[in-house]
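Single chain ahead, by itself, as structure tokens, in the form predicted alone.
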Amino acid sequence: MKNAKITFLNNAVTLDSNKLFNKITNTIEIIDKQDLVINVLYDNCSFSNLSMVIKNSKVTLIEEYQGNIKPLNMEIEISNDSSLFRFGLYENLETELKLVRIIKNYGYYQNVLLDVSKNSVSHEEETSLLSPLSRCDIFSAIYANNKAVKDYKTKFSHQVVHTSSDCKIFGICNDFAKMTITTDAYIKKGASNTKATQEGRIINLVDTASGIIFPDLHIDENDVEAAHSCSVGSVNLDHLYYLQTRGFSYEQAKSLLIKSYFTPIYQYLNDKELIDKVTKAIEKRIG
């Protein structure tokens, strides 16, 4: 497995170990690369637009955002002979993050996200499935506390036959934070044998926290499988009581339950270094 590193600092590229970034077009170009792992750091990034093109490649993209990130628009194109596994970490942000990501997917796109940042986040992602058998899987774990406002919009556009999307977004809301999760799946006329599923969950830890979920399906074709589910609730008191009878304090039991809500993220990770990074980020923010 080959590794590459790219660092965006302010409005410049300070590290590009494999010369993947085209400075003229602001595009990361990945062509004929197999099992390539790219670590991208956005540190006080002030780019307004970035693009990525993936052709005949199998890529793992690990993105970390920190400092003051200006509003950022990203476009990703994945060819029908390519796959992209993206892991995003929002942790050490100093200001609100505003991110819009547009994906033209002819192949396979898997996006896993951990947001444990203290600041507000506005995150919008739209994936168009443009080739038969193209697929998109998303899992997001989001934690909001203090007075942070986290707004996540995820949209899928199934435009041809035999495409599939699976979206799972889990959130935990604490203090006076607000969280909104919106998921939309559009199945166009003619996109038969398509499968689209959505699952959203939010736990409000206190009465002053506010979480809401909007799941939507727009279906213009008959021969499809489509389903959505959502739940918004509080910590299960029976589970808390059970853990306390096993010797845990109330705060310890509550912390265990909160962290267990994020454990599904690990099933998508197979790199020990990345697993350790995720564990440390959760421990740091949730305890």
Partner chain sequence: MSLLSIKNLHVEVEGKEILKGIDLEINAHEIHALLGPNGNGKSTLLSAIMGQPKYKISQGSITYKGKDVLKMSVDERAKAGLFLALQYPPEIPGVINSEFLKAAINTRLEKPVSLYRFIKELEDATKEVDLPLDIVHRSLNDGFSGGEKKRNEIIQMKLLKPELAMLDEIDSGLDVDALKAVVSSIQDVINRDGSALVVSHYARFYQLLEPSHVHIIIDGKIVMNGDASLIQRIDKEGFDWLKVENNIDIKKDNRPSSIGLCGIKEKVNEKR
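So that the term is clear: the rigid core is the largest set of C-alpha atoms that superpose within 1.5 Å between two forms. Positions refer to the first chain, counted from 1. What you see is a predicted model, and the numbers here were worked out from it, not measured in a lab.
Not on display, but discussed next: the form predicted together with its partner chain.
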{"property": "Contact test, all of 242, 256 and 263, partner its partner chain in the predicted complex, heavy atom 4.5 Å", "result": "yes"}
{"property": "Heavy atom within 4.5 Å of its partner chain in the predicted complex - residue from 252, 231, 234, 46", "result": "252"}
{"property": "Contact of residue 238 with its partner chain in the predicted complex (heavy atom, 4.5 Å)", "result": "yes"}
{"property": "Partner-proximal stretch of 23-31, 220-228, 242-250, 47-55 relative to its partner chain in the predicted complex, 4.5 angstroms, heavy atom", "result": "242-250"}
{"property": "Rigid core superposition, residue 34 Cα moves 2 angstroms or more between this form and the one not shown", "result": "no"}
{"property": "Shift of residue 68 between this form and the one not shown at or above 2 Å (CA, core fit)", "result": "no"}
{"property": "Residue 253: Cα shift of 2 Å or greater between this form and the one not shown (core-aligned)", "result": "yes"}
